[in-house]
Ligand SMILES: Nc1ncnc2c1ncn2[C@@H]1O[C@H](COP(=O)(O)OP(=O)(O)OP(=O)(O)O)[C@@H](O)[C@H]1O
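This document starts with one chain, in the form predicted on its own, laid out as structure tokens.
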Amino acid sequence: MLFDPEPKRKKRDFYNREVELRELLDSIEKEKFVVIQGIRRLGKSSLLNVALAESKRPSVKLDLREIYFTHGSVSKFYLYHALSRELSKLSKTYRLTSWLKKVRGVKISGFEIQLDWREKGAALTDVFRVLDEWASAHKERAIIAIDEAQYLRLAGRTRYDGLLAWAIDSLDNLVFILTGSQVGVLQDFLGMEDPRSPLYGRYVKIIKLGRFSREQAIDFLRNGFKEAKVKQPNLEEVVDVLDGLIGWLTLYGHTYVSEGKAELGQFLNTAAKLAAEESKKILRWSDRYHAVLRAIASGALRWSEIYERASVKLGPISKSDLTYLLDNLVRYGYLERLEDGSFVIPDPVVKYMVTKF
């Protein structure tokens, strides 16, 4: 259903992303490296899930955000455990065990596949090479999808950017799809424009997701309430508050349908608490970030205005420190830098959060 707060998996539940879905499906057939970009709550995971289902291609999907938020790290142990689980699911359909059993550090039990994560265990280069050989033998293109791939930078000593570069150069039958809501962090990790990066010079197909227009947001809510057979609230007022971020619109609709009502002020408080918990885990929150965001939320959009208002809260702050804080907030998706050099908070719930908490 449209108001299901979980990422969508079926096209019938996926609202108004036909252009992006077709672009991604075409890329699966033509490209080897695809990146889906956009701030949080624009539907990147849903786009990925639906494309994987619609493509009918064999795929494995690693959700690094889930790993990080559950375990506090993306260690090799957790990464290999997730990949083992995905390969086991894939093997039930495509009978991969006879191919993977020849890889050192891979244990097979029925359809269950377990990768040894230790130093002398399974090498991802060997696993990917065998998947590529299997795909070639079956005239397939296999997909390796990594949701919120920027967390790979926290995955220990392994140079995953180098691994990606090798796979893109060497394996013709694998397609790598990465998503990232911390756009600047993902770009830093990939280093596509950095000559020192292993991925420098490789072609990447970038699919950018934007927020819904006001008309699209209202239409989404109207269709969601109609589907749920619930009398709709004032949709104009909801969109005034939540803008075109599909994640917040969906959560509001789900809350309203589940509880029979959803007063906007109360919903904003609940959503802001959720956003605050996320920000603590993503940014390792501090008063400095809060002061900068609060200055912008109160109307200080240009660097000089932000500096003046943040200094009132924090006391003397060096210009280089403020620039560092602003750059970090842009990298992690909490701010957008406009063409005229001013800054805005793209998420209305985050803007509300910093003014109330």
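Numbering starts at 1 and follows the sequence shown. Just so you know, these numbers come straight off a predicted model, no measurement behind them.
Just so it is clear, the following notes concern the form predicted in complex with this ligand, a form of the same protein that is not shown.
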- Closest heavy atom of Arg294 to this ligand in the predicted bound form, within 4.5 Å or not? no
- Item | Touches this ligand in the predicted bound form: Lys44 (any heavy atom, 4.5 Å) | yes
- Close approach of Glu23 to this ligand in the predicted bound form, 4.5 Å, heavy atom: no
- Task: Give a yes/no on whether Glu336 approaches this ligand to within 4.5 Å in the predicted bound form, heavy atoms considered.
- Result: no
- Task: Just one of 33 to 41, 314 to 322, 52 to 60, 301 to 309 has residues with a heavy atom within 4.5 Å of this ligand in the predicted bound form, so point it out.
- Result: 33 to 41
- Contact check, 1 to 40 vs this ligand in the predicted bound form, heavy atom within 4.5 Å, ordered by sequence, gives Leu2, Asp4, Pro5, Glu6, Pro7, Lys8, Asp13, Phe14, Tyr15, Arg17, Ile39, Arg40
